[in-house]
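As a starting point, one isolated chain is supplied in structure tokens, in the form predicted on its own.
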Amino acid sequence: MAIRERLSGNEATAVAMKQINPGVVAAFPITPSTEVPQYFSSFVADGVVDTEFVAVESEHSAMSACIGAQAAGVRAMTATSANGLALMWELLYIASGSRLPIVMACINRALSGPINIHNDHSDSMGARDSGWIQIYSETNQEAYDNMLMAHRIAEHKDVLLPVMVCQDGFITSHAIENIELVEDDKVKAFVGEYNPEFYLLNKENPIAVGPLDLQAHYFEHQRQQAEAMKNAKKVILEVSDEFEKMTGRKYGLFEEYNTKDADVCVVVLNSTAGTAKYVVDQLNEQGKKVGIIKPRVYRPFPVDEIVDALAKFKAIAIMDKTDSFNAAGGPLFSDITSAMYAKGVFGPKVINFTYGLGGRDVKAEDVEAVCNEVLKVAETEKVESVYNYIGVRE
């Protein structure tokens, strides 16, 4: 029987880590992710887990320690945000290129400069092409559930890639919500033991990790990594199906909300989806047919599935909580429109809204303005401005 609790997103993540009981957790504090290793260190101090907790001198060192531990043959986990993720940059590529299934909680926060400790998605979106699987979480419950599934996905023989589980800093990380925890024994059975085929401390089959990889082999290794990312989509769905059988909670590559009879759609990540659902409910009561698509899996990007889901709409508004500074829209917008073009889907009109940078409040009226604009585009079949900002003093 599920355990009902009231936890913040950070505490829920730490509880998931406790139930997984990894071999090594290495971490350096940075707001708003600090509480994750802080909570976990109390489990270590109390003897609840047998994890080796490594308090390092920087986030670069935290990921270095995770790489060393995972390469040696044990599960490794960490947590970070914003500038901490940026300091790990070199190691993100080494972890994925070395095919090490590390799991990291990314508590989304704006990247400097100027320095800002509040939420947007500039940190994880900046790392979107680093070879890490990226899973996004609207609520504390989703953050907890995604952490429980992450190792199963990362460690699958057809994947062997690191995973970052993202949630919105302060908005969910520090807010307390009702949550259902899975019993410890069920988590242990679900996650299973980590039994890597290749690892540094296996004296029967010695290997090198991270050797010099020149023209003769580097390209092929990158190609294998790309194929593993493609494989991850199928594995994510398989693990999600098994998780649903255990908990009753269903997860896919993305969530569709009120899309069945909708004329238009808003695409939005993470906690803002909750506000968007509230707004859409109000608009539907007024006879305005608006739906929501909330991506859960951003890497690998579900090209075929999301294009199929979006093709039926007259108009689509894609909301990005970061700016690519490319004068051509945010990353979510760019990926979706690229996918639609590649699949020959040209029917829906598509517009982009950048919102909430640096933790700027995202109000119901902001989302309502986005919905009204995309409804106008559907009605007139004209797009006055493709790239837009909402909630900013122009």
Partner chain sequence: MGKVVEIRWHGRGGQGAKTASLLLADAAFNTGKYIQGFPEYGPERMGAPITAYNRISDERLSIHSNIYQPDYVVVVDDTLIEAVDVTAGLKESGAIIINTTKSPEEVTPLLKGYKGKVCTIDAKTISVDCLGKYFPNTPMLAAIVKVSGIMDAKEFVADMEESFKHKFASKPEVIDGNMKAIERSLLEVKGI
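It should be emphasised that the depicted structure is a prediction, and the values quoted were computed from it without experimental measurement. Positions refer to the first chain, counted from 1.
The same protein also exists as the form predicted in complex with the partner chain; that form is not shown, yet it is the one meant from here on.
Not displayed here, the partner chain is kept clear of N258 by more than 4.5 Å at the level of heavy atoms in the predicted bound form. Under a 4.5 angstroms non-hydrogen atom cutoff, the partner chain in the predicted bound form lacks K233 among its neighbouring residues. The partner chain is not shown here, and in the predicted bound form it never comes within 4.5 Å of any heavy atom of K343. In the predicted bound form, the partner chain sits within 4.5 Å of a heavy atom of H118. Across the options 52 to 60, 65 to 73, 362 to 370, 327 to 335, residues that bring heavy atoms within 4.5 Å of the partner chain in the predicted bound form belong to 362 to 370.
Exactly one listed residue, out of K312, R128, K188, H174, brings a non-hydrogen atom to within 4.5 Å of the partner chain in the predicted bound form: H174.
The partner is absent here, but in the predicted bound form a heavy atom of T139, alone among S240, T139, Q134, T322, sits within 4.5 Å of the partner chain. The partner is not shown here, but in the predicted bound form the stretch 252 to 291 reaches within 4.5 angstroms of the partner chain through a heavy atom at S271, G274, T275, K277, Y278.
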